[in-house]
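Single chain ahead, by itself, as structure tokens, in the form predicted alone.
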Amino acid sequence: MEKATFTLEFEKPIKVLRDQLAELQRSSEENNLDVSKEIQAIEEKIIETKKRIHAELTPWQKVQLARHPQRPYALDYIAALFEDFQQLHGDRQFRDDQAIVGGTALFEGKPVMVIGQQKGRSTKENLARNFGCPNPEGYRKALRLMKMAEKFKLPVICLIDTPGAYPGVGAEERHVAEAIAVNIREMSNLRVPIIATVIGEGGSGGALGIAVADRVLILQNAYYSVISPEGCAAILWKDRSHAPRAAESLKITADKLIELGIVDEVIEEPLGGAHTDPEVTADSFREVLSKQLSAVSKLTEKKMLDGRYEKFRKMGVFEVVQS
């Protein structure tokens, strides 16, 4: 069921048709006219236009979809996929970072530890959650929960959705780079299955701090990158307006990431994006997550850890063939 109301620039032709449909339906009700054929024609045209537009999306347009304000966030997926979620707070060192949420839950009746990066819907909530940009205490909280999961032999499910770790003075004073580095090291050796999924934005080390996993999944219109397109454009071309060009060059979309071996599987979204039908998206997510978690859970601890090590070691290795 179509739920989105916010319209991106490339979606405006679809909005024009929807407005025409709404006006025709209103006119039909007010004047008691039978315009069923005209309504059907517009509905068919809407579907055709959506298919055409979304079949030709550029990497920059997919980035815009990943940032859509109505896109499901971590807590939305936690509510849809898990039962009995018990949120745990604090890193036991400084404070509770609301940009990262986590706790125990049941997935298909089995206990897991779920950790996610959470943005806000309103200005007030975004300020509280720092626009989904974790501070070092967020990563330390995540690691505390992972260590708890290891102690009780619970699989870890991570949901990634951040523009990047918070680059503020306070975060630097509390050693955000060190916190991320420690998470990467510890996740590499965590003795329980880890499944990470990029559900929206996967920005730089901010994403990687909870993304070292046995399986890395990504939603169809999400992106995963070493830097944001705007940041890349500012560095390479000294102008953030070159972000579309940077998005193309960075190979950050799901189709490119699967080709490069950065992610293991792409989760399909409904036509128009996850925000148009969160229930269908959650069903697709559940199916893939169940399959991947089952496969990893069957491995011995040694095979799991060796496979995780090899997975990340082979990234970025290319063979150059001399002609």
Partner chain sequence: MSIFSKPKYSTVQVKKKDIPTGLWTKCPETGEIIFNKELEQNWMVVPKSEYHFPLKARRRIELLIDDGTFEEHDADLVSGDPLEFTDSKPYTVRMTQAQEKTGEKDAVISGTGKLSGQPVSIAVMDFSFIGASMGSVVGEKITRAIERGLEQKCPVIVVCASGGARMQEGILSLMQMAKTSAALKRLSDAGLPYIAVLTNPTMAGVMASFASLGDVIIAEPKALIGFAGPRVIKETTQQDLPDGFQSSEFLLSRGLIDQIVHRHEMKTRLASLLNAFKSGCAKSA
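Please read these numbers as outputs of a predicted model, since none were measured by experiment. Numbering follows the first chain given and starts at 1.
If you look for the form predicted together with its partner chain, you will not find it shown, but the lines that follow are about it.
K.L.:
Among 152-160, 81-89, 114-122, 246-254, mark the stretch whose residues have heavy atoms within 4.5 Å of its partner chain in the predicted complex.
P.N.:
Stretch 246-254 is the one.
K.L.:
Which one of M146, I195, V176, A74 is close to its partner chain in the predicted complex, taking close to mean a heavy atom within 4.5 Å?
P.N.:
The residue in contact is V176.
K.L.:
If you check L219, A142, A99, A165 against its partner chain in the predicted complex, which one has a heavy atom within 4.5 Å?
P.N.:
The residue in contact is A165.
K.L.:
According to a 4.5 angstroms non-hydrogen atom cut-off, is N135 in contact with its partner chain in the predicted complex?
P.N.:
No, no contact at 4.5 Å.
K.L.:
Does E23 reach its partner chain in the predicted complex, with heavy atoms at most 4.5 Å apart?
P.N.:
The answer is no: E23 has no heavy atom within 4.5 Å of its partner chain.
K.L.:
Counting only non-hydrogen atoms and a 4.5 angstroms cut-off, does E108 reach its partner chain in the predicted complex?
P.N.:
The answer is no: E108 has no heavy atom within 4.5 Å of its partner chain.
K.L.:
Is L260 one of the residues lying within 4.5 Å of its partner chain in the predicted complex, judged by heavy atom distances?
P.N.:
Judged by the heavy-atom cut-off of 4.5 Å, L260 is in contact with its partner chain in the predicted complex.
K.L.:
Heavy atom within 4.5 Å of its partner chain in the predicted complex: which residues of 180-204 meet that condition, in order?
P.N.:
Sequence-ordered list: I180, A181, V182, I184, R185, E186, S188, N189, S204.
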